[in-house]
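Shown below, as C-alpha cells, is a lone chain in the form predicted on its own; questions about how it binds or moves come after it.
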Amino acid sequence: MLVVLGLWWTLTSGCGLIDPNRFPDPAETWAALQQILTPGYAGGTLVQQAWASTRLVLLGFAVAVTTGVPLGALMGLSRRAESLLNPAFLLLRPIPPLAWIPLAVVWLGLGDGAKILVIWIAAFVPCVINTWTGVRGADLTLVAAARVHGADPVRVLLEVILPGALPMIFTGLRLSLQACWTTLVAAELVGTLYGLGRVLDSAYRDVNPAMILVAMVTVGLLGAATTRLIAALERGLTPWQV
C-alpha cells in the first residue's frame, strides 16, 4: 500500500504525468474526503451514505442466503427436486442482475424494495450453486457409516452432510457478498436519496474525480470488511479446517 501511495503521489503531484482532471492527486482526494465527512455531499455525510449502502447490501444478502442456501441444499439432496428446479434456474441464471432493474422499478417502485430485489438476484445464484455442489459432494462413506450406526435422515443431514458442505457454502457466501457490493452502485443509481451510488452519480455530474475516488475506495473498504466478517464466521463454524 505504501508503494501504491508513493506511485500515486509521484505520477500526479510529483511529476505531473497524469492530468488532475482525469485522476485526482492525494491532496484533492483528502480535501474531498474532508468535505464529505463534515459538511456532507450529495445530501449526506460519508457515514450516512455508507450506512445506507451497507443496509441495502445486508438486506439483499440476508434474503439471498435464506432463499439460496435451502434451495441449493434441496437440489443437492433430491434428484427429483433438481430435475424440477434446475431447468428454470439455468434459464434465469445467464440474465445479468442489472437487466432486472427496469422490472424491479415497475414492480416495486423507486424505493428500497427494488434495489434489494436487484441485489438479491445478484447474490442468489452463487448461494444456490455452491450449496448444491457442497451437498452433492458429501462423503458417501461417512453418510453410510452414520446410517449403519442408526442415525436417522435428519441427523445425517445436520451432523454429516451440512458440516461437510460448509466450506463450499461459505465460498458461495463470499461470492454472493461480493456480488452484492458490485451490484449495489448500479441499483442505487435508480432514484435514491442516500448511498454511495448517489455520491458517485453526483460526483460524475459535477465532474469531481476526487469525490468519485473517495466513494470507490469506501465501497472497496466496506466490501473487504464484510468479507472478513464472513471469514471469521466460517472459522468459528468450521474449527476442523486448517
Partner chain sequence: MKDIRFDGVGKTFTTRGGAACVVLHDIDLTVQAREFVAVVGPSGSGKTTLLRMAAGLDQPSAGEVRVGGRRVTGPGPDRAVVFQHFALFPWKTVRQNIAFGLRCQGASRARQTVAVDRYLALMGLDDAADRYPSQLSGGMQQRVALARSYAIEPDVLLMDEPFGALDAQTRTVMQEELIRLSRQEPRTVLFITHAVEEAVYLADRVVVLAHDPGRLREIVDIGPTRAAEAWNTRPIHEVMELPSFTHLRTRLWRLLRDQIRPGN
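All values reported here derive from a predicted model rather than from experimental measurement. Residue numbers count along the first chain shown, from 1.
One more form of this protein, predicted in complex with the partner chain, exists but is not displayed; see below.
For the candidate spot formed by 142, 150 and 239, every residue has a non-hydrogen atom within 4.5 angstroms of the partner chain in the predicted bound form. For the options 108, 77, 71, 146, the one in contact with the partner chain in the predicted bound form, meaning a heavy atom within 4.5 Å, is 146.
From the list 125-133, 87-95, 163-171, 108-116, the contact stretch for the partner chain in the predicted bound form under a 4.5 Å heavy atom rule is 163-171. Contact annotation for 30-50: no residue has a non-hydrogen atom within 4.5 angstroms of the partner chain in the predicted bound form.
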